[in-house]
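Two forms of a single protein chain come next, each set out by itself as structure tokens; they are called structure 1 and structure 2.
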Structure 1
Amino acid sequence: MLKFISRRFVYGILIIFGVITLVFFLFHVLPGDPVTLIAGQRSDVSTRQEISRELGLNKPIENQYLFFVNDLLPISLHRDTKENQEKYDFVRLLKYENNRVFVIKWPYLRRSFQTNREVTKILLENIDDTIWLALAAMLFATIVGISLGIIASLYQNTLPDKLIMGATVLGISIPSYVLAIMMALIFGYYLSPYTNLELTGQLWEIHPLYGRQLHLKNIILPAITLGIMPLAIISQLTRNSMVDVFSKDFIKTARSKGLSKRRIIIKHCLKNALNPVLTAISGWFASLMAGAFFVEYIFDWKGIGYITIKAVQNLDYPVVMGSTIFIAIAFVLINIFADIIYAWLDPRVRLHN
């Protein structure tokens, strides 16, 4: 098991390193001068040179890349100066040479071109809303998806089965941003007097008299919108897995012993059918963290997706690069965790690997 986990972590590190490399070189060729975006058109030469030096833009491209990677590494090498201490907020580990030290620090994702705030702080301020939205969407998709899958498997090849499977195909086919617009218009605008739901809103809102208040109703529409596609996949996986388990010999044996249908379904069928479903759930949770961009933007949900799209509109490259790397790391870690759980539930997985 330890070998299996270590191999997954090595693969994850390689993937993250590849994403960092791709992000750096992709954004390096995009139009727009970072110095001009930060300092403005009327800045003087000395100011532009200082900004260029701070970002490392006065160095060759390969040095800029190494400088970028060094900023992202939690254990890195920096000059031991007061300026770097304030910039990276590091803890010294080991002296090297020429006033340079190995340090431990949080990954440094540069500063926003628009606000000059650290990208890490911007992301941390908005990650909560994205996590809550992804959790709510996944909870909705899991409960409804597994329930529909069980119903479809119990009525295999009959009208309920065909209706549910047809609906899942439709759910997979509609892009999330199209569904978001439809949900917002229908339930948040036209039917708002009946649903009591609104087009936009946050999970926590500030009331002028009562302060910070929780508004759970604001998460309903974006969570349902975001959860439709994983719901469809989970329904199909549950239905197919249940149908496959129903044909196994141990189910026939359980029936011959006179066990109730409910007990057979819950104790025997679900236990053996949910392994691939659990993998899909964990994988989809990571995907929802990364794929909520347009849903958040349409519902004005102030999460990472929302601020990323705003950053793209404002050519705020450090925020876009930082959010891309942040989401990639979250995606890899969640999938590693899912692989470990799956291998623990089914030893054949780690033996095969």
Structure 2
Amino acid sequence: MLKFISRRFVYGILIIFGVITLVFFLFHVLPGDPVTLIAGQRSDVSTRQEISRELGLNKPIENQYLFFVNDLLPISLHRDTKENQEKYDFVRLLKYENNRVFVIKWPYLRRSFQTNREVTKILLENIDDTIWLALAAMLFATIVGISLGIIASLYQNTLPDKLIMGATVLGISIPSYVLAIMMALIFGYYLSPYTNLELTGQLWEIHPLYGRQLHLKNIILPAITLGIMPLAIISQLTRNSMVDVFSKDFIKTARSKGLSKRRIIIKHCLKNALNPVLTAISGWFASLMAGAFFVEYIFDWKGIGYITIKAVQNLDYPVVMGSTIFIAIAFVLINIFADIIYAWLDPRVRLHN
């Protein structure tokens, strides 16, 4: 097991390295002039030269690539100067020749063109909102989806089953941003006096008198909107695997032993039916969360997705690059954990890889 985990991690690091390479070359080979984006259209030559020197644009592309990777590594090699100390905020580890030191630091993802703040800081500030939103949505989707799937499988081929399955088909087909607009408009605007919800809002809001306050009700609408599609998929999966399990022989045995129906469903069916569902959820978690981008954008929920889309609209390349790498790392980690869970549940996977 330990060997399996360590191999998965090494493999994950290689994949992240590949993504970094891909992102770097995408943003450097394709046309576009970062100096103009930072300095604006009207700028003198010396300013432009200074900016291009700071970004390392005057060097050949191989050196720029090494520079970029060196910036991203948590343990890296830098000149020991005061400028670099301020820029990277590092802790010295080991001296190396030519006044260079091995340092430990946060990955440095350049600065935003728009606000001139460090991208790493922007991302770290906004990651918690996205995590809370994703967790709330997933919790909602799993609980409601599994219970709907069980209900549908119990009333197989009758009206409740058909209603629930029809609703899940609708839930899969509707694009997340249309659904988000409709939810925001209906529950946050037209029915606002009854539901007491607002169109937009953050988890933490700063009140002029009382300071930073937790507004839990603001997460309800985005989480439900984001959860609709996973919910539909999860309930379909649960229903199908429950129906499969119902026709197995051990259920007949349990029934002929005289066990109560509730006991059969909870102890015998659910345990077997939920196994594929849970592995599917953990495997798809990453792709299900792609919808979070638009939901965040529409509800003005200041998470990673909101920032990325704003950056794409404003041509703020460092933020887009940073968040791409960040998201890729997150997806790789999630996939590794899903694999580990899968290998833990099913030992055959370990042997095959």
Partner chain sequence: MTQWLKEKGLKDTWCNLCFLFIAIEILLSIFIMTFHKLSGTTFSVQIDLGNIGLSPFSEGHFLGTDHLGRDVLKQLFFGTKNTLFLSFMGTLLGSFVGITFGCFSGYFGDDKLKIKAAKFWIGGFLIIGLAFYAFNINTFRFSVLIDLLLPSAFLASVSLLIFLLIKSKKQIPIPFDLYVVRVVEVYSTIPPIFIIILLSSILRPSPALFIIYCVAAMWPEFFFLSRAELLKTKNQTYIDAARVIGQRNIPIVFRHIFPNMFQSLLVLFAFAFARLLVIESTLSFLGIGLPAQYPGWGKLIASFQMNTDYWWLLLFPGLLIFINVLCIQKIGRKLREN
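Computed from a predicted model, the values in this text were never measured in an experiment. So that the term is clear: the rigid core is the largest set of C-alpha atoms that superpose within 1.5 Å between two forms. Every residue number counts along structure 1's sequence, beginning with 1.
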item	value
Of the two forms shown alone, the one predicted alone	1
After fitting the core, Val103 CA displacement of 2 Å or more between the two structures	yes
Phe68 C-alpha moves between the two structures by 2 Å or more, core aligned	yes
Rigid-core frame, C-alpha of Arg92, shift of 2 angstroms or more between the two structures	yes
Distance the CA of Val10 travels between the two structures [rigid core superposed, Å]	5.1
Per-residue Cα shift, Thr21, between the two structures [Å; core superposed]	3.4
